[in-house]
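The chain below stands alone and is given as structure tokens, in the form predicted on its own.
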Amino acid sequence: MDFLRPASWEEALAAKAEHPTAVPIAGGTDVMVEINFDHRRPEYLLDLNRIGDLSEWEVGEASVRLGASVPYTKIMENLRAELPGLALASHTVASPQIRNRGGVGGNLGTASPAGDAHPALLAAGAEVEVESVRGTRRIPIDAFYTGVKRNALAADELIRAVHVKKADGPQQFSKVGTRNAMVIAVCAFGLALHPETRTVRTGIGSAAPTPVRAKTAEEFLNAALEEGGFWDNGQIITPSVAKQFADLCSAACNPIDDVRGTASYRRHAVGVMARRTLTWTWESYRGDRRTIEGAA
């Protein structure tokens, strides 16, 4: 195995173009596990740790540009207000040591359906900035996952950053595991309210071959909230609407039985998480509205 250690982003792109099979490594929290257990033996490792801007973020007027190697700890500490769903998901990633090393770029590159960042990124409507010597492009998060541990990257492309719109409403993340820490998700669920567009987005992890959105559930809830005037009146969402939303989220899953859980349990758990996160986010939205109205 050869170890490539570029000193700049330009050198990294050139190395990836010359060696398309090279596996990028930054935090190493996924790649090194596979190598240590001899599940993977790449011909080249492409070390990106000398490229400083991958570990930086920029908060703009409407969105956050998150470098691919920004550690989860930094997201939790610095971007909780702008990216609340992703910050909550970051809290559930393994141990403090892993959170200090791992980043969203690694989750995206591995594209495991159990990656903790995926549901939050789907719910927020993120875009993945990728680059090669041929140029730069942005891939909508919905189009990024193409199969089990497969993504839309070309062989010569590297992930440079993730662009996420700043939250304009409450966001939540929930995860089921066999314990609270150092655990791969049995299933996970992310939910984001977008009051500016009067829409709701979801993200489901570890309950299908790829991370997915519950689009039918979103369409149902968007229509129910609009028809009932909920965005304006701030009323409590009726139990029947919450149940239907939860059932549609469960139906969006296509899980398998494995050592961490059965398919039927995953469907059930996703429905429970969908109902709970909807309750939490909507209560937060109602509280924000009361605060605004009280100050007016």
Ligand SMILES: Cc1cc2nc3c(=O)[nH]c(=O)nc-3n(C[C@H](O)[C@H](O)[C@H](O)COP(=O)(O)OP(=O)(O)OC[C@H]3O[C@@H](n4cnc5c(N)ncnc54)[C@H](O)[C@@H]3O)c2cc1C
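Note that this is a predicted model, so its numbers are computed, not measured. Numbering starts at 1 and runs along the sequence shown.
Beyond what is shown, the protein has a form predicted in complex with this ligand; the following relates to that form.
Comment: 101 to 109 is the region of 101 to 109, 132 to 140, 196 to 204, 75 to 83 lying near this ligand in the predicted bound form, near meaning a non-hydrogen atom within 4.5 Å. In the predicted bound form, at least one heavy atom of G27 sits within 4.5 Å of this ligand. With a 4.5 Å cutoff on heavy atoms, V183 counts as touching this ligand in the predicted bound form. Although the partner is absent from this view, A68 contacts this ligand in the predicted bound form, with a non-hydrogen atom inside 4.5 angstroms. When contacts are judged by a 4.5 Å heavy atom cut-off, R50 does not count as touching this ligand in the predicted bound form. L158 is the sole member of A214, L221, L121, L158 with a non-hydrogen atom within 4.5 Å of this ligand in the predicted bound form.
Comment: this ligand is not present in this chain, but in the predicted bound form one of A246, V31, C253, I237 has a heavy atom within 4.5 Å of it, namely V31.
In the predicted bound form, G115, D116 are the residues of 115 to 140 with at least one heavy atom within 4.5 Å of this ligand, listed from first to last.
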